[in-house]
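Next up: just one chain, as structure tokens, the form predicted alone.
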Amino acid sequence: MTVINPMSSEAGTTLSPVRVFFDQVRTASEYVIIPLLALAVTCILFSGLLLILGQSPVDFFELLWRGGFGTPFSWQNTLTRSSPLILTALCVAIPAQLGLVIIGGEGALVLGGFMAAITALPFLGWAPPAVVLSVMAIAGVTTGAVWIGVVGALRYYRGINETISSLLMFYIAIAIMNFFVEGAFKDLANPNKPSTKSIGDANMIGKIPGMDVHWGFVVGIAVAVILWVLMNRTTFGFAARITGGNIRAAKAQGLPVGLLMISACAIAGGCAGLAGFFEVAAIQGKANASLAAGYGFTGILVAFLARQNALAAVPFAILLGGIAAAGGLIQRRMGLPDATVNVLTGLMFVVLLVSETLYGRIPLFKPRES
């Protein structure tokens, strides 16, 4: 049996450490360059659409930059919007390590936020804010974990496609929230817009000192770091990647595939539920239809742009948050609908899916042969 040294080629020629390093950089660079190329193609295609509408692409992208990143106010608006995007992107990225495509994180966010809001009601008026917020966070995370964890269980034990089941459960989550918000938990003092009772200003999460951004952004980054360590530096993450690579091989090696799937989905759902908690405790103050703002679906795009990497999800979430934050400015200055930025993100998602076919096919990113 011939043993091939990792520092040598098949012909037996020893490769220098510098050569090995540059080959690794060459291979890894495609995971940065191809998404950037997809973004550039998206801008070109969208510019063509703007020209057809008689609008200036230069003005559009200038306003996009100004509304998302051009001023301190726009930066704070962007960071506020990126907080739930980080967490919903993790809801997609973590199960993807096991080959699971979860697109129903919006349902876990909505239901997690709703449960956080109604769980706080019995504690209002007598419990300190720290207790109220702790109970709300536990309720939101637990609800999201159970909701998406069921998707993993259905996938493993019943063979039900997780993409379809998670999407259908999103509609069930919306129906559950609407049923109770318009019924048993409706705030009678606000009949025009059905919602739960407010948790009160005293129980709202404050802002980061010196910024108009709530602490959910910091928590989102911390969770991303923790989950990156979990998936890349622990035996759980190693077993998850083996399962995602070849489920039959994982079973043959005796790995608890079912437990891994359910655990990964529960972690993912917990992230989305945590996003729902922050939407209630830091922004809305109550649960209503505003919870379904589309963060869960935009998080899918963030996760794809980040190549399912928990750390890379943070900058891409900020990018998509900035695009969303600029919608109002574009509407006022150019007369375009506020949903124009949604068209841009939708086009970006399509181009990104097409760009997936380029990985491993471009000779520039392949190690040079000896």
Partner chain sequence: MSDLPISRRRLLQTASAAGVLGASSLGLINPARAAGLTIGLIYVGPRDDYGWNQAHAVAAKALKLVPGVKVVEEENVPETVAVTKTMESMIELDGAGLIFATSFGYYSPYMVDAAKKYPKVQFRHAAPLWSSKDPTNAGSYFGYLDQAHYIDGVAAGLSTKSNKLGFVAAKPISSVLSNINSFLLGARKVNPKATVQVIFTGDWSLPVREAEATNALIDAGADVITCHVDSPKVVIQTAESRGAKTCGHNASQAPLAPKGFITGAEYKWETIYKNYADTLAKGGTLPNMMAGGYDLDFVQNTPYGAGATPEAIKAADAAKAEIKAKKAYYVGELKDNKGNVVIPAGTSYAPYAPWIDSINFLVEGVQGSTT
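Residue numbers count along the first chain shown, from 1. Values in this document were obtained by computation on a predicted structure and should not be read as measured data.
Just so you know, the form predicted in complex with its partner chain exists too; it's not on screen, but the next bit is about it.
Practice task
Find the only residue in 135, 222, 289, 124 having a heavy atom within 4.5 Å of its partner chain in the predicted bound form.
Solution key: None of the other options qualify; the answer is 289.
Problem - in the predicted bound form, the one of 329, 319, 43, 34 near its partner chain [non-hydrogen atom within 4.5 angstroms] - result: Contact check passes for 329.
Exercise for the section: State yes or no: in the predicted bound form, is some non-hydrogen atom of residue 203 no more than 4.5 angstroms from a non-hydrogen atom of its partner chain? Expected result: Residue 203 lies outside the contact set for its partner chain.
Practice task
Would you please decide whether residue 191 lies within 4.5 angstroms of its partner chain in the predicted bound form, comparing each non-hydrogen atom pair?
Solution key: Although its partner chain is absent here, residue 191 would touch it in the predicted bound form, with heavy atoms inside 4.5 Å.
Handout entry: its partner chain contact in the predicted bound form: residue 77, any heavy atom under 4.5 Å
Key = Residue 77: contacts its partner chain in the predicted bound form.
Practice task
Give a yes or no for residue 215: in the predicted bound form, does one of its heavy atoms lie within 4.5 Å of a heavy atom belonging to its partner chain?
Solution key: Heavy-atom contact with its partner chain at 4.5 Å: absent for residue 215.
Practice task
Given that the partner is absent here, state which listed stretch (112 to 120, 68 to 76, 135 to 143, 266 to 274) has heavy atoms within 4.5 Å of its partner chain in the predicted bound form.
Solution key: Contact-bearing stretch, as computed: 68 to 76.
Problem - Members of 333 to 361 lying within 4.5 angstroms of its partner chain, judged by heavy atom, in the predicted bound form - result: Counting only heavy atoms within 4.5 Å of its partner chain in the predicted bound form, the contacting residues of 333 to 361 are 333, 337, 338.
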